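Here you get one chain, nothing else, as structure tokens; it is the form predicted on its own.
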Amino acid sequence: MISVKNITKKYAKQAACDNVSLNVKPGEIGVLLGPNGAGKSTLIKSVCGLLKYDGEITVNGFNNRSIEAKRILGYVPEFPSLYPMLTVWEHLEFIARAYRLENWENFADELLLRFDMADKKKKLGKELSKGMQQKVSVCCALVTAPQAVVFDEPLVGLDPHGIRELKTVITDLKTEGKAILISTHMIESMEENWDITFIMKNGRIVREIRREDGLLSKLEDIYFSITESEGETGESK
């Protein structure tokens, strides 16, 4: 569903992503881990078609820059960017109009209710806290019923209720057969709910781990053993 093949993205002469490849299948939760500067955000933005790069990225077989791919890919950025003078409901309506959705209102109401935002429909973007803005951003990404969803640090800024509900939503998306890619540094929050993990370091994926392979150590311990070591720079599967 989400296929990344030999992606390289350079800023001047520095490679933020260096020949990166990964795949997340339908019904899988893929987690992208790495320290600051590892290249996670660059890779996520490349997947969502926000950056130029060398290589190939497809969503359900469509080039990620195509209209077909954009219609089926949802994106929750690390930093929500709402229109200050639009209400919560107007943000959802804007997305619905842009995607030419029909009969979307009931689903939008359900999303707002799940994230404890039903009573904030008339609030302006500028009146919302960081956590509330994040919730609106998630609702806007999901109201299109995407087949694949990319989350960039989605839990940052959310209250405990929001974190619990978002994790439930992610599990529901997996059950529905969606492909999910999550970039995060909150390893413990994803410890119990992932199918494949990609660990990035110095712009490369240095370790790919599948849950069914069976782990002798906690994911957090594996992560620190890799990212804190000096010698491991190549890709390992």
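The first residue of the sequence shown is number 1, and the count goes up from there. Predicted model, so just to flag it, every value in this text is computed and none were measured.
Only in words, not in the display: the form predicted together with adenosine-5'-diphosphate, which the text now covers.
The shortest heavy atom separation between Lys70 and adenosine-5'-diphosphate in the predicted bound form exceeds 4.5 Å. Remark: Asn36 counts among the residues lining adenosine-5'-diphosphate in the predicted bound form, judged by a heavy atom distance of 4.5 Å or less.
Interface residue remark: Lys178 is not counted as part of the site for adenosine-5'-diphosphate in the predicted bound form, having no heavy atom within 4.5 Å. Contact check for Thr42: a heavy atom falls within 4.5 Å of adenosine-5'-diphosphate in the predicted bound form.
The partner is not drawn, yet in the predicted bound form one stretch among 28-36, 56-64, 169-177, 206-214 has residues with heavy atoms inside 4.5 Å of adenosine-5'-diphosphate: 28-36. Interface residues of 1-26, taken as those with a heavy atom within 4.5 Å of adenosine-5'-diphosphate in the predicted bound form (partner not displayed): Tyr11, Gln14, Ala16, in sequence order.
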